[in-house]
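Okay, here we've got a single chain as structure tokens, the form predicted alone, with questions on binding and movement later.
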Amino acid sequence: MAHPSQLGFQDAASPVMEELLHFHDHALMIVFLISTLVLYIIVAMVTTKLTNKYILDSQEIEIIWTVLPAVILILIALPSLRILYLMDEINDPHLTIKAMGHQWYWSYEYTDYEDLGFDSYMIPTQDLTPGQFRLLEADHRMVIPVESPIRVLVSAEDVLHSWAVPALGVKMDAVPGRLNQTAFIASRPGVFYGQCSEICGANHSFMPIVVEAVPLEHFENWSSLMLEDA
């Protein structure tokens, strides 16, 4: 859960998000070192009293500033590509959920069950109870089991939307007429919040996403109750 004045990412709740956090720290350190080097060179060039007006070229300097950026790009690209393939990998999901974006709410369908689906609307501010978050709470949460591979099929009925939950490292565009898919594993129980991340109209800011990860036994009880009510 994000908090006021937060500078970094939310705490990771999935293996992919942990990898993304590590890559962020890795890339940030490289950027910091480059910035420090450039600043040092600028200060040294401005303050030095050593000058040579007759230097026209230097093979050594040319080699250094050609090879060094190439090495830095490789150090960034290799872990980046690794995570990219990890995010696209979907191996034997235990549960498949179809998320449909509408103006301005989400609907969820658990495709492994015969008749388990519901719409998820934002809870208005005046209806919130103490402890609930404004603009983030939904009347129906997407409940999933912990430590189980989950596949989410994402589409939209009207305009472009985007299904995003930062703590899980998930962001997938919802395109009308197209079915996109993503996958994740919730590594710990909890409630994880997200929002539509593609401008979709007047109430774009009022279609939150709430994912609740629970133990498998609790998920089975919840799904049984939902099927009975259906």
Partner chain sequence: AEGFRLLGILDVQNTPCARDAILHGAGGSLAAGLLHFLATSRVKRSFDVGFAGFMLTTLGSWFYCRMNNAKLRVQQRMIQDGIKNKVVYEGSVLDPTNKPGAPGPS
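Note that the rigid core is defined as the largest set of C-alphas that superpose within 1.5 Å between two forms. Residue numbers count along the first chain shown, from 1. Since the structure is predicted, the reported quantities are computational estimates derived from the model, not experimental observations.
There is another form of the same protein, the form predicted in complex with the partner chain; it is not shown, and what comes next is about it.
None of 58-66, 171-179, 196-204, 23-31 except one has non-hydrogen atoms within 4.5 angstroms of the partner chain in the model of the complex; the exception is 23-31. Put simply, E18 is close to the partner chain in the model of the complex: some heavy atom of it is within 4.5 Å. The partner chain in the model of the complex comes within 4.5 Å of no heavy atom belonging to I42. Put simply, D158 is far from the partner chain in the model of the complex: not one heavy atom of it is within 4.5 Å. E89 falls outside the set of residues with a heavy atom inside 4.5 Å of the partner chain in the model of the complex.
Along 135-157, a non-hydrogen atom within 4.5 Å of the partner chain in the model of the complex is carried only by E147. Superposition of the core reveals a Cα shift of less than 2 Å for A202 between this form and the one not shown. Fitting the two forms on the rigid core leaves the C-alpha of L50 displaced by at least 2 angstroms between this form and the one not shown.
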